[in-house]
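The form predicted on its own is given below as one chain in C-alpha cells.
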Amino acid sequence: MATTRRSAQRVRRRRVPVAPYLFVAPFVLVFAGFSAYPIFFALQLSFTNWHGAGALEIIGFANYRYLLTSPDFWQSMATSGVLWLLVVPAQVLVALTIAVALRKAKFRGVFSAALIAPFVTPLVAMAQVWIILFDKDFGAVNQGLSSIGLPAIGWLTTSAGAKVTVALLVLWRTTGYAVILLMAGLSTIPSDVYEAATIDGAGAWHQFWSITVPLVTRTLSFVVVIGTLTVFQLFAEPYVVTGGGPFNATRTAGLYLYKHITNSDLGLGAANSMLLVVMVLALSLASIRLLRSREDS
C-alpha cells in the first residue's frame, strides 16, 4: 500500500501542466505562421534568383554581391540616413520638450488625443495637403516666406527641398506618438525627487538634465528605435509626395526595395530586406548604447 502511494506521488510530480501551453499556443502559432516562417523564407529567397514562379534556384551570395556593389542601393541607404538625421534627433528633442511641458498640465487626455490625431489621419490625404502647402508657386509655405522678404524654395523640385519636405511630413505624423510614450515615461518619476532637488537649490535646467533625462533614458531609447524603424521603412510618404524624386533624391531604402518587388526580382528584394534588417539593427543598437552610456554616467 505504501509502495502504491509513493508511486502515485511520483506520477503526480512528473505530471506536466498542460493549461499554460494551451494558453500560449495561439500566440505561438500566429507568430510562427505570420512572423517566423516569412523571415526564414525571405532568408532562403535571398540566396535564389526566384521571380515568383518555378523552382527555387540557389545562386549563393550573388544577390548580396550585386547589392553591395550597386550605387543605387547605397544611394537609397544614404537617402534614408539623411532622413534619419533630419527626423530622429528633431523628433526626440521636440517630443521630450512637449512631454515635459505637459507633465503637470491639466486636461492631459485632451492633449493626448490631439497629439495622436496626426498618427491616425489617413496618410494619402495628408500627403496631398502637403503637396499643396509646399507647392513652389502657389503653396502657403512659400507665400509665407515671400511675405517676409525671403525667396521661394523649390520644396518639391530640388533634392534638398524634397528631403526636408518628406522629413517634415514624417515629423508631423510621428512626433505626437513619441510624446505619448515620453509622457508615460515621465509619469514614472517620483515627484519627491524633484522636491528634493528644489530644496537643494537645483534650477529647472539642472533638474531637466540631471533628473529627467537620465530617468527617461530607457523610454528615449525605445523612441529612437521606433524612429529608426520608421525612417528606414519609409515608403508611402516619399511615394505619394515626391514619387522618389527629383532625380531619386527621396528614393528611400523602402522605395528601392519596392522596385525589386515590382520588377519580380524577389530573390534580390529578399537580399535587400536582409541587408536592411542588419543595418537598422546596427544603427538601433548603436543609438541604445549611446543613450545607455549617458544613463550610466
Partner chain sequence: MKRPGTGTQLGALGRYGLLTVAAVLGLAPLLWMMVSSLKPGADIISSPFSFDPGRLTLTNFRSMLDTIPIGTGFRNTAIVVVLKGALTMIFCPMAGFAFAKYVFPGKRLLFATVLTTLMLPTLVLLIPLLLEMSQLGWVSTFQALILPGAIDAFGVFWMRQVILAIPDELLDAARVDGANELRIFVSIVVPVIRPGLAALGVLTFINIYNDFVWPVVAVNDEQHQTLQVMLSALAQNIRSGQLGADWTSVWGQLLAASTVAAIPVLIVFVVLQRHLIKGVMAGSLKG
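Numbering follows the first chain given and starts at 1. Since the model is a prediction, treat every value here as computed from it, not as a measurement.
Note that the form predicted together with the partner chain isn't included here; everything after this is about it.
Between the partner chain and the residues 75, 158, 210, 97, the one pair within 4.5 Å by heavy atoms in the model of the complex involves 97. For the options 196, 129, 215, 85, the residue carrying a heavy atom within 4.5 angstroms of the partner chain in the model of the complex is 129.
Put simply, residue 60 is far from the partner chain in the model of the complex: not one heavy atom of it is within 4.5 Å. When the partner chain is considered in the model of the complex, residue 138 lines it closely, a heavy atom lying within 4.5 Å. The partner chain is not drawn, but in the model of the complex it has no heavy atom within 4.5 Å of residue 250. Of the heavy atoms in residue 50, some are within 4.5 Å of the partner chain in the model of the complex. Although the partner chain is omitted here, in the model of the complex all of 19, 112 and 144 have a heavy atom within 4.5 Å of it. Taking the partner chain as positioned in the model of the complex, the residues of 27-51 that bring a heavy atom within 4.5 Å of it are, in sequence order, 27, 28, 30, 31, 33, 34, 35, 37, 38, 39, 41, 42, 45, 50.
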